[in-house]
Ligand SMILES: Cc1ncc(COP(=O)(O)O)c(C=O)c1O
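The chain that follows stands alone, in the form predicted alone, written as structure tokens.
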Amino acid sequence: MNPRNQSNLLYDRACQVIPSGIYGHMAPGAGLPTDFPLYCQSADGCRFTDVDGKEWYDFMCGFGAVLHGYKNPSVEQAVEAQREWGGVFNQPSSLMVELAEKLVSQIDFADWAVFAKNGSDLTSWALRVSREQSGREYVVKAKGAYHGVDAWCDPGLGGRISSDRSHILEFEWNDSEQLESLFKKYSGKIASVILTPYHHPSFAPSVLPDASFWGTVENLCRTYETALILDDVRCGWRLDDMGSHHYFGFTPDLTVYSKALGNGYAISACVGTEKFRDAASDVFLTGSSWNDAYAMAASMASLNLSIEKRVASSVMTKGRYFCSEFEKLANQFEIPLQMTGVSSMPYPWIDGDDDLYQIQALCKVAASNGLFFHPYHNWFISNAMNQSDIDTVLGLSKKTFESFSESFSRSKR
């Protein structure tokens, strides 16, 4: 029997009723279509099981949405307690107020908070808030940065028209001079700069900010009275329990969170300073299920866990050990691999592998050993992963490198 029989049958059915069958970043072609599972059946802790019954050590964590591990007891108990009362009503529940108060008290610069379901909902909304507050049109972003699925920033081409990006300016990450030149050229016209805490593009190594980068960005934004928007959707709660701006030492005006905020429950939040409160009130924001009390209960529990267990520090420490040992294994087999970015969400880069063929081959072998390593996207460390799990993964990684090194050596001859 085909080991992916159920996955393939489901996918065939999906293609009859869903455009592309599976779409977006989870589409088969966005990963390893013949090696990755197409559908999941269940998950627990740091592992998931696909519909064909194969268990995987998970290094994607729902593409970053699961920080404390699948089915975390504290999070699930909070959701179950809320089920007695209900989830979506005509009006918000009291949890909306409590969660906003929690974020404002935990994030040093925040004076208010609003909620939605996805990161894209609020990165686009934050841009509109900056335009409403300033009366300006232009927005600056880093080249190659992903901020969501809306036309001003999405990585695709379908359905887009030229005007969608007519007021979006770009500069190379860490190129402060190029950024300053944009401010001078468009002086008095830039509403906001939107950036991730560090550069984590797909299909390329992650790049940390230079020592002076964030200070320069913040100074330029203050000098030109431009809003500094931090897209902390992917990094939030994985670098610092107070927010990634705290880790890198700067102060944004608006920050968007999602992914790990609800530990797998769909929710996003934008927090901001008093200066932007009136504009935030004037830019329309709503959704039928955006006040979902279940997701807010999960978020309250997730935030409490992060503080009580110092989770950001924990996943960074676990990540440092894993990344260090993983690089040692690569070096042992003479593979020039480096784990780029921060240790809690690293991206592996093999020197000279600009076409990504080698990392694809490595991840294919890893998949045969039950390791869900993505070849194009940064990985994530789950706090449910303990030392025994990591050591088991490293043992399977050694087995992976042993097999991969033979083909790698042949390709270099």
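No experiment lies behind these values; they were computed from the predicted model shown. Residues carry their position along the shown sequence, with the first being 1.
What comes next is about the form predicted in complex with this ligand, which does not appear here.
Of the candidate stretches 104 to 112, 117 to 125, 271 to 279, 241 to 249, only 117 to 125 has residues whose heavy atoms lie within 4.5 Å of this ligand in the model of the complex. When this ligand is considered in the model of the complex, residue 314 lies well away from it, no heavy atom lying within 4.5 Å. Although the partner is absent here, residue 292 lies well away from this ligand in the model of the complex, with no heavy atom inside 4.5 Å. Proximity of residue 196 to this ligand in the model of the complex falls within the 4.5 Å heavy atom cutoff. Within 4.5 Å of some heavy atom of this ligand in the model of the complex lies at least one heavy atom of residue 233. When you look in the model of the complex, the only residue of 306, 130, 258, 299 with a non-hydrogen atom within 4.5 Å of this ligand is 258.
For the options 183, 146, 171, 138, the residue carrying a heavy atom within 4.5 angstroms of this ligand in the model of the complex is 146. Shown without its partner, the chain has 200 as the single residue in segment 200 to 214 with a non-hydrogen atom within 4.5 angstroms of this ligand in the model of the complex.
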